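There is one chain below, alone, in structure tokens, taken in the form predicted alone.
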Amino acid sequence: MKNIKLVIEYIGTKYCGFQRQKNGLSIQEVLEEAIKLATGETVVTYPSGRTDAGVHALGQVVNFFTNSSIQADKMPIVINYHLPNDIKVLSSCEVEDNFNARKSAIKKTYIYKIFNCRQLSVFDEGRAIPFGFQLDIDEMKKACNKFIGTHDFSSFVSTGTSTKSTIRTIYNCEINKENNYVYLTITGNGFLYNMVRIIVGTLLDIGIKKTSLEMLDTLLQGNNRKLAGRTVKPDGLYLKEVYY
């Protein structure tokens, strides 16, 4: 039996998230059905993480075990034939039996896309969020620098979420503006539920001077969810890359 690693991309707009759900169509369900049609086997895919409803991926990683005779590097051809246009396998390879897409990951990079105008372009519908207020990008860059390092991110997790620890390490966090688009790129050893979306909401508040850099220092000391920014919509969130 071979352990196959896939790198996939998808537009998550019409899906209930990566993980199978009883109340909607998931990326996992569609992917596993395509693998079944390609190999003749019923498999379980193990993702690097469960992206939420409406979240996209440029480089999600999954692994699965198979007895198929199809060469590992040919998997994208046969699987993509059975996938819809909004899900694609980019690459595949055989890995060691002990490789697990989630447990073997050491860090991840996410991107969040903001269209800095009141009216969202039709080409970005479901793939970015509009924000029509003028932003102080320099102030947002200073705020990004404060996220770098190891902190208690309990202020940046949805209330009611159960987790063993809210301590996470951020290796890189930066804001860039290109024409009307503002991009947050953030890399960390792990992310709490809705953590990136709350960070974006907080950065937008800082960009319009609703929240100060001093308040951000307080938030990074933990346990002040009510003082952090709102949880922005999932539309602009992309899992860019998973590192091993």
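Since this is a predicted model, take the numbers as computed values, not measurements. Note that residue numbering begins at 1 and tracks the sequence as displayed.
Separately, the form predicted together with a further copy of the same chain exists; it is not shown, and the next lines address it.
- Among heavy atoms of residue 157, none comes within 4.5 Å of a further copy of the same chain in the predicted bound form.
- A residue is said to contact a partner when one of its heavy atoms sits within 4.5 Å of a partner heavy atom; residue 89 meets this definition for a further copy of the same chain in the predicted bound form.
- By the criterion of a heavy atom within 4.5 Å, residue 121 is counted among the residues contacting a further copy of the same chain in the predicted bound form.
- a further copy of the same chain in the predicted bound form comes within 4.5 Å of a heavy atom belonging to residue 11.
- In plain terms, the part of the chain that comes close to a further copy of the same chain in the predicted bound form, with a heavy atom within 4.5 Å, is 49-57 out of 49-57, 205-213, 26-34, 192-200.
- Put simply, of 127, 107, 141, 146 only one has a heavy atom within 4.5 Å of a further copy of the same chain in the predicted bound form, and it is 127.
- Applying a 4.5 Å heavy atom cutoff to a further copy of the same chain in the predicted bound form picks out 238 as the lone residue from 226-244.
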